[in-house]
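There is one chain below, alone, in structure tokens, taken in the form predicted on its own.
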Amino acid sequence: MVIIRVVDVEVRYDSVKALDSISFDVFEGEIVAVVGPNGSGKTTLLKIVDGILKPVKGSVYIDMKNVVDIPRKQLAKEVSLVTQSTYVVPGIKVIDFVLTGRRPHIDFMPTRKDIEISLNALKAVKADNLVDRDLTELSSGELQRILIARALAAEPKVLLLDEPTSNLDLRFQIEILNLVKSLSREKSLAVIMSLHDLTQAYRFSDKVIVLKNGRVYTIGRPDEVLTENVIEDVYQVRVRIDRVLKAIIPVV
């Protein structure tokens, strides 16, 4: 079932065209990696799907409803975005922070149900042992799990992740990507994540969108689109692809 449909979207920052003629579908339980050089439009694309930015042309549909027609509070129940940078306020406990993900569902005060859903979100990311910790006491990997838990607390159909492995060491990068993959399968989440690491895109996505200069250069299964010729043309770097290891290795 198609959860996200982007149709001929164009985005401009003043006179600069950031995205041009973007079209693609994302299905229930599918993980889509968005890759491309810096400035190619990856973060802008996530903001369009989240409704933060409005296209000057084209449309974005979530569950067959046009994003511009969905009230912001309702949209926040269906789409959760985890950004690269989050300001952490000292003195805030993990459970209280995750509970803020329930805001679209809360009319006045959190209920017992809201607390239970937030605790279950922490269990889903294997961070329920951190429930009473201060946010400032967390490692980078732990904080990233908490950010994802907060997004899950909204019970969305769509999870958007902007560079989820940035500033993490190798161990935590793999842990987070395995977590995203299992959550997508278990909860039938449609996931779009922007990535710099092409090997991670190859190994952890069902579909890859390659952007170049704000346009879709190619889209398809990782083994179809992450080819040596495509990567050299888009990134201006020669690579060797090990199909057995699913690794993309720069040729130096």
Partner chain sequence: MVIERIFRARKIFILISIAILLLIIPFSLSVGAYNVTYLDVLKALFWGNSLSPDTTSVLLIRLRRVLAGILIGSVLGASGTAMQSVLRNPMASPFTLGISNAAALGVAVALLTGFGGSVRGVIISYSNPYIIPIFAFVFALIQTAIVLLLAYKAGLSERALVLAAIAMNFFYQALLSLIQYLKLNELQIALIVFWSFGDVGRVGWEELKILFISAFALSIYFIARSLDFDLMSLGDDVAYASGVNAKRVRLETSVVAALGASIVTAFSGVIAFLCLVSPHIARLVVGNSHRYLVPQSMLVAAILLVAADSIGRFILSPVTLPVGITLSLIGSPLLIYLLLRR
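What you see is a predicted model, and the numbers here were worked out from it, not measured in a lab. Positions refer to the first chain, counted from 1.
Keep in mind that the form predicted in complex with its partner chain is missing from the display, and what follows is about it.
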Three residues, P90, K93 and L119; all within 4.5 Å of its partner chain in the model of the complex via heavy atoms? yes
Applying a 4.5 Å heavy atom distance criterion, does R103 contact its partner chain in the model of the complex? yes
Can V56 be called a contact residue for its partner chain in the model of the complex at 4.5 Å between heavy atoms? no
Does the 4.5 Å heavy atom contact test between I115 and its partner chain in the model of the complex come out positive? yes
is_contact(A76, its partner chain) in the model of the complex, heavy atom dist at most 4.5 Å: yes
Between L179, L138, L99, L168, only one gets a heavy atom within 4.5 angstroms of its partner chain in the model of the complex; which residue is that? L99
Interface check vs its partner chain in the model of the complex: of D50, D206, D63, D197, the one with a heavy atom inside 4.5 Å is D50
Of 107-115, 168-176, 155-163, 138-146, which is the one stretch near its partner chain in the model of the complex, taking non-hydrogen atoms within 4.5 angstroms as near? 107-115
Quick one: which residues from 119-133 get a non-hydrogen atom within 4.5 Å of its partner chain in the model of the complex? L119, V131, D132
